[in-house]
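Next up: just one chain, as structure tokens, the form predicted alone.
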Amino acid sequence: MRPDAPLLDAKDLVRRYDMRRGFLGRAVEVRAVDGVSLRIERGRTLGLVGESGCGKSTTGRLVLGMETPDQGSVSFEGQPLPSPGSAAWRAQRARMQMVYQDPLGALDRRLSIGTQVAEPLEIHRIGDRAARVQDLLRAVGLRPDQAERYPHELSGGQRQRAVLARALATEPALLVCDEPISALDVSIQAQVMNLLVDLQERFGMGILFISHDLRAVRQVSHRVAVMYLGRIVEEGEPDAILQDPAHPYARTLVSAIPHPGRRVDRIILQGDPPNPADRPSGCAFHPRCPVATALCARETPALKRRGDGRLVACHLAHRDEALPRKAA
């Protein structure tokens, strides 16, 4: 492990699938992830946001080694990710854990909470399991006696806390949280997000927080990456993106957030997201973009850094930045 290396460094990830059109139709290639690069530092959170089907969850599986990229590379703690399924990969997975969307689906209804939290400890032969389980339950805000309960005997928020306790059992350096609050009541979501922030401060983990909810991402993230149709279209500080988004798709997402006390014009996109198998030429967003030009249909914009430090993949965003500002 190189001390100067980022915790996670994913470069130019591509993941393709074959999709068949109709019962006897020909197979066509779908790029679920198309050249995505991510960097996460220790003790920091990167929020990955976008609508359903944009490739967020696939990206999460790629950085954990649960799927193999067709192109690109993933390094963890300065070392290339081992081949999935190998002994080295299984050992490294103790340092990288996933928190899933549906806590009830992630837990075995036939086993007690304590048994499931202890399972990673048994697999990796870690310490005094009974004492460790109690410590983990306390860390996530559950009582030690709740170890004897079964998933159906806990509330949704308590189940997600149990899932977090199990993920923390091996003292991971990285958590990938895939829509961890979308299955919870609104009143519970804030509690789980606050818990994630507290756990990160306590254990120093890096977190990839995947969500379609920009408000949730803003609350827990140090940086935010906006994804559309398999590509990152904007990345920067949360406040910068939410207050003054540079990419037209990011503006659309921000306009959909309720802003009590002030009027915000909602941007309504025309048409549906294109089928991934029918990816348009040029910028993937240009068929729905209200400000697209002929250049957007011809050339795919590169994800480039602007003067304000943000990464943006938009011809117009970089052109507008280069224009001289009018004197007040």
Ligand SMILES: Nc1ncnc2c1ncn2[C@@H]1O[C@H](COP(=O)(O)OP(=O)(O)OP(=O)(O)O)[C@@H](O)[C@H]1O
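One rule holds for the numbers: they count along the sequence shown, beginning at 1. Remember, predicted model here, so these are calculated numbers, not experimental data.
Although it is not shown, the form predicted in complex with the ligand is what the next lines describe.
By the criterion of a heavy atom within 4.5 Å, residue 77 is excluded from the residues contacting the ligand in the predicted bound form. Taking the partner from the other structure, the ligand in the predicted bound form has no heavy atom within 4.5 Å of any heavy atom of residue 280. Looking at residue 57, you'd find a heavy atom of it within 4.5 angstroms of the ligand in the predicted bound form. Contact annotation: residue 53 falls within 4.5 Å of the ligand in the predicted bound form, judged by heavy atom distances.
Contact annotation for the candidate site: 39, 220 and 237 all lie away from the ligand in the predicted bound form (no heavy atom within 4.5 Å). Along 155-184, a single residue, 179, places a heavy atom within 4.5 Å of the ligand in the predicted bound form.
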